[in-house]
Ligand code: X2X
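Heads up, the chain below is alone and in the form predicted on its own; it's given as structure tokens.
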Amino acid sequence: MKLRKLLALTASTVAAFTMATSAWAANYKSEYKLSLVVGTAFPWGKGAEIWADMVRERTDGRINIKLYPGVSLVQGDQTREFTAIRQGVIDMAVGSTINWSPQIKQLNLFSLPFLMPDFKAVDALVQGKVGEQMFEFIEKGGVVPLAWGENGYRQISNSKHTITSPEDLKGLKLRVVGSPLFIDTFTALGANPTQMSWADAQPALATGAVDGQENPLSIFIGSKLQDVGQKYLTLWNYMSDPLIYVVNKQVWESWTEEDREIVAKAAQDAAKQQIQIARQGVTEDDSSLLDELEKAGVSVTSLTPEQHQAFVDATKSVTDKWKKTIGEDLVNQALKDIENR
């Protein structure tokens, strides 16, 4: 009798587990679409690849992620990416604060010219109170943020001449992303900024439709911009571009609590690796990327403190203007965190 009861209990438990598993399986997609601006040859894309691989392995294949570089899910328009995540067109992303700033205005903080003087300043912001507040703004926007990554400090290059002062930018046609703050910054410096997706930028550089661009060194090298006329590079560290690992809210809520914890932890682990990769070759201790560029025939210029200050002074009006849009309290908190780094 006891044996029959035990067998019956076991059978009912198995049936309940099978039903629960079936219900769980019905809510999970066979593939989750992860959006990226660049491919896995770049540190940005490598971070997404690491995340996808970790999630697949740690969930035993329950969550399979496919990467879609070139923001192909929104026809290459980087500034539409956040809206598409919120709407469910995109399930997951490793995205740039620059590209998402039109929808989350506070993210423009990271694009303020010459706000973050070094990597310690970047870390102080994203890992401190400012980073926490930014995650709250993103979550209110309908997207679940999980971890901070890094695209790196953006440097300026062109095909005409060496840049060491704001006067050297006057009249240069420069490709910039679709952010009004970028337009204001380069207009203040006397340049002629042109909004353009990255997919369109390289052909434009090759044909001379634009004279220059600004991007992290990893993008410059990975895209071989020296082959499209970008012979003059100036290291001015005018801004660093944090990345954010996110999931669509409905997708996030469709997963079990256990899987949500796995995905979040994988995002944090992948982001740490990605930041290390992004900083390789661009620090005082390791300048191998600069050496690689010079060997490729690129003229690399570092600014003196006085030259750097001239750019800071020329863009002060931009910072003053955008403080109101971003939020003065948030900007002041950022300045405090940087000062105390």
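Model, not experiment: these values are computed from the prediction. Note that residue numbering begins at 1 and tracks the sequence as displayed.
Only in words, not in the display: the form predicted together with this ligand, which the text now covers.
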Practice prompt. Examine R80 and determine whether its closest non-hydrogen atom to this ligand in the model of the complex is within 4.5 angstroms.
Written response: no
Discussion item. Can you tell me if N108 lies within 4.5 angstroms of this ligand in the model of the complex, counting non-hydrogen atoms only?
Written reply: no
Item to complete: May I ask you to check whether L34 falls inside a 4.5 Å heavy atom distance of this ligand in the model of the complex?
Response: no
Worksheet item: Can F119 be called a contact residue for this ligand in the model of the complex at 4.5 Å between heavy atoms?
Response: no
Worksheet item: With the partner removed from view, which of 36 to 44, 309 to 317, 292 to 300, 275 to 283 is the stretch that lies within 4.5 Å of this ligand in the model of the complex, judged by heavy atom distances?
Response: 36 to 44
Worksheet, complete the sentence: Note: exactly one of F114, Y153, W198, Y232 sits with a heavy atom within 4.5 Å of this ligand in the model of the complex, namely W198
Item to complete: Report the residue, out of S96, S179, N158, N248, that has at least one non-hydrogen atom within 4.5 angstroms of this ligand in the model of the complex.
Response: S96
Worksheet item: What are the residues of 234 to 248, in order along the chain, with a heavy atom within 4.5 Å of this ligand in the model of the complex?
Response: D241
